[in-house]
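Starting off, we have a lone chain in the form predicted alone, written out as C-alpha cells.
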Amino acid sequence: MNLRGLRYFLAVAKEKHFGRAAEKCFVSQPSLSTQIKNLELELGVQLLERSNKKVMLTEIGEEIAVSTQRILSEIDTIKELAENSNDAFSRKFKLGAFPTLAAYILPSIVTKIQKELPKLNLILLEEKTEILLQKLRSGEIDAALLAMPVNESQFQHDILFNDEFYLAVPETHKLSHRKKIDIAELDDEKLMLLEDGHCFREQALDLCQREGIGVEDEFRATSLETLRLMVKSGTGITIIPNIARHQNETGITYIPFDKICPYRTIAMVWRKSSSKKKVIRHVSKLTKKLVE
C-alpha cells in the first residue's frame, strides 16, 4: 500500500476539496486524484463521492480515514524516534557498577554528567558482577563499570584506572605504625573478607591464597563499610581498595603495600554491537577525568 496515496486521501478527507488538498500536499491536482484512484482500486472500495461542487467520504471511507490518521501518526512517530536517535546524548543511558565500586564513584559520575551532558537520561544500577554481565548480554543495561578481566568476545572495554589495595588495621594494631608493609609479613595474620558473590572477595581471596595469608572464616561482611567498621572496632584486619578509603579517618590505619602492590583494574564494558558507543566513550572519558 502506497503511503503517498494514504496521505493524499487523508488530505482530501480533511479538506473536502481536491484543489485545497493538492495545495496542502504540494502536488498537482491530477497527481493527487490518480494516487487516490489507485488506492481505491487496490482496496476494492470507493472512498470518496465526487461531484462538481463537493467531495464526500463514503461510509467505509470515513472508517478508513480514521485508521489512516492513526497509521500515519505512528509512522511520523517512528521517523521522529529515528531522527532523535542521532542525538544520542538526549536519550536513556543505563549504567551499572558492582557494590564495592558503585557507592564510591557513581555519585561523582552523576554530578559530572548532569553538568556536562544535561540532556542525557542517566539510569544507574548497582549489582554484583555476574548479574551486571547477564544484563549486559541481554541488553538491559548499556554499559557497566567492572573489574578486569572480562573474557567474553561480545564485549569491548576501556580501561579507566587501577585501584590499589591497602591493608586496613585498627589504630591499636601492632602494624598501625608502619608506613609500608610487605605482603609476606602477613603470613601469620587472618584477613576478614566480604561474603561470597562479591568480585572483590575473589580478588582478595586470590591474593591471600597466592601469598599464603590466612582468611577469617567465621565472619564474612556484606559490604566494605561493614568491613571498615569491624576493623575500627578492633575485630580484625582487612584489605580495602584505594577508592573506598576515607580521608582523615580515625580509628583505622591504611597501610600501602611495599614492593608488590596488589590492585584491581576498573574498566567500562559494553557490547560490541551497541548503538550507543558514542555516549559510552564520552561517559568513559568523563569517568577517567574523575579518577585522575
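Owing to the predicted nature of the structure, the values given are computational and were not obtained by experimental measurement. By rigid core we mean the largest C-alpha set that fits within 1.5 Å across both forms. Sequential numbering from 1, following the sequence displayed.
Beyond the structure shown, there is the form predicted in complex with another copy of the chain, which is absent from this document and is the topic of what follows.
Contact with another copy of the chain, judged by heavy atoms within 4.5 Å in the predicted complex, is confined among 240-248, 40-48, 24-32, 256-264 to 40-48. In the predicted complex, another copy of the chain sits beyond 4.5 Å of every heavy atom of Leu229. Contact annotation for Glu74: at least one heavy atom lies within 4.5 Å of another copy of the chain in the predicted complex. By the criterion of a heavy atom within 4.5 Å, Ile252 is excluded from the residues contacting another copy of the chain in the predicted complex.
Although the partner is absent here, Thr58 lies within 4.5 Å of another copy of the chain in the predicted complex, judged by heavy atoms. Proximity to another copy of the chain in the predicted complex, taken as a non-hydrogen atom within 4.5 angstroms, holds for one residue of Arg137, Lys112, Lys128, Lys190, which is Arg137. If you take 219-239 and check each residue for a heavy atom within 4.5 Å of another copy of the chain in the predicted complex, you get nothing at all.
After superposition on the rigid core, the Cα atom of Leu10 is displaced by 2 Å or more between this form and the one not shown. A displacement of less than 2 angstroms separates the C-alpha positions of Thr253 between this form and the one not shown, with the rigid core held in common.
After superposing the rigid core, the Cα of Glu74 is displaced by 2 Å or more between this form and the one not shown.
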